[in-house]
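Shown next as structure tokens: one chain only, the form predicted alone.
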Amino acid sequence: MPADLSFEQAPPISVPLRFFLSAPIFGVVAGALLSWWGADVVTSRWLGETLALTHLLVAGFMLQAMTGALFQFLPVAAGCNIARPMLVAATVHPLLAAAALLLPLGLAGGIAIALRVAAALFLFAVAIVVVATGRALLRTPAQGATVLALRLAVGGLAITVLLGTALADGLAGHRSWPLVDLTSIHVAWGLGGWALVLLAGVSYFVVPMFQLTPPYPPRFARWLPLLLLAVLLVWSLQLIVPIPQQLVLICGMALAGAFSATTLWLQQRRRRRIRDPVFWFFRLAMSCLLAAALLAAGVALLPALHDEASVAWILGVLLIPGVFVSAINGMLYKIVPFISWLHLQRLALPGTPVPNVLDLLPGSAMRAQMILHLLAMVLLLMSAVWPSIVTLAGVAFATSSAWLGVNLSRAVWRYVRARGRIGASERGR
């Protein structure tokens, strides 16, 4: 376990839990709508329904979970004290949730007012997150690859939301932006500059800590987010000057592939051969990232594939449910019971029994949900060839997300009961 973790600086447990428990709801909604809309969503990535499903996952499921992880991770791993975390979380959480529901409504229904309101809510909420976390990250004396990655990720989130606001403005009919190019840049910053850089920064800590692997090579860990930033900046230049898009895309995919390959290599060198569901979730995420990097590089080399709807669908499934939803599943299964145990340890007097992590969230519950998530992934990928099974894929994904929510809720309920028992025993002394 890293020696410089500061668990005494952890925020109140309600700060991250509100985000973690909300995230699966967006997965349930996305799966249900996918099942309802059926095969049409596979035919084009530009359909309003397809865009709505995508944003339910990236602006709903992912953003909720990743915001909660930021609030939990910064004080503990980077020594960053976020000012008034309870107030910030209580303000940001409902704003992000409302925006993440309004945006898909506007995209699927072509409702301009929903797009404008969602964009305004995202701007306000993310501005609070960026200021609160960015201020803490700039003031911390901590250094190293994790802190650097977290700083860049917060900047990537800000750029992603600014680009998304411009797109929402254009879709609402207020501006004549180059929507295709702007969308390409928005996607790159959202998945690369925000989600992937944050995943890398968190992985530098949690993979060695929880999976007992050797640490990431220091030079690789430091240069990866910087090189990703350089690629994204060059990619963004397409708005003003011609750029060699295929070469830039291949460079970006090479960096993503290098991160996934390095993580898989470290997992093979772990000190204990324990293969719990968290390990397999992370291995699935890294395998999907490697496959997506290879597929995207192939598309760059063979431009004829760029317009194939099935290729776009496969790439989207690999990246969003495959990489980020899988990694978040694994992270939540470690973070929620761990912080619950940590807070119980801090509440209990010496000699008072405290349930361990597996008592709070048994491995059997995680394994069953993991199998269903894997089935959903297989069905989603198969939908590219047989679109008719997308209805079944939606049901599987919605059920898997609901099961994740139930497992996390049960862990929190066990924490609440144990906290009550600790309080009762201390009052009786």
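Each residue number is its position in the shown sequence, starting from 1. Keep in mind that this is a model prediction, so the values were computed, not measured.
Beyond the structure shown, there is the form predicted in complex with protoporphyrin IX containing FE (HEM), which is absent from this document and is the topic of what follows.
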Open item on the list: If the criterion is a non-hydrogen atom within 4.5 angstroms, does every one of 231, 262 and 290 touch protoporphyrin IX containing FE (HEM) in the model of the complex?
Closed with: no
- [ ] Could you tell me which stretch in 131-139, 262-270, 213-221, 176-184 has residues with non-hydrogen atoms within 4.5 Å of protoporphyrin IX containing FE (HEM) in the model of the complex?
- [x] 176-184
TODO: Please check if residue 35 has a heavy atom lying within 4.5 Å of any heavy atom of protoporphyrin IX containing FE (HEM) in the model of the complex.
DONE: no
- [ ] Tell me, yes or no, whether residue 46 is in contact with protoporphyrin IX containing FE (HEM) in the model of the complex, where a contact means a heavy atom of each within 4.5 Å.
- [x] yes
TODO: Answer for residue 54 alone: is it within 4.5 Å of protoporphyrin IX containing FE (HEM) in the model of the complex, judged on heavy atom distances?
DONE: yes
Task: in the model of the complex, residue 160 touching protoporphyrin IX containing FE (HEM) (heavy atom, 4.5 Å) - done: yes
Task: The unique member of 107, 285, 125, 344 whose heavy atoms fall within 4.5 Å of protoporphyrin IX containing FE (HEM) in the model of the complex - done: 107
- [ ] Find the only residue in 323, 153, 335, 103 having a heavy atom within 4.5 Å of protoporphyrin IX containing FE (HEM) in the model of the complex.
- [x] 103
Task: Contact set, 133-147 vs protoporphyrin IX containing FE (HEM) in the model of the complex - heavy atom within 4.5 angstroms - done: none
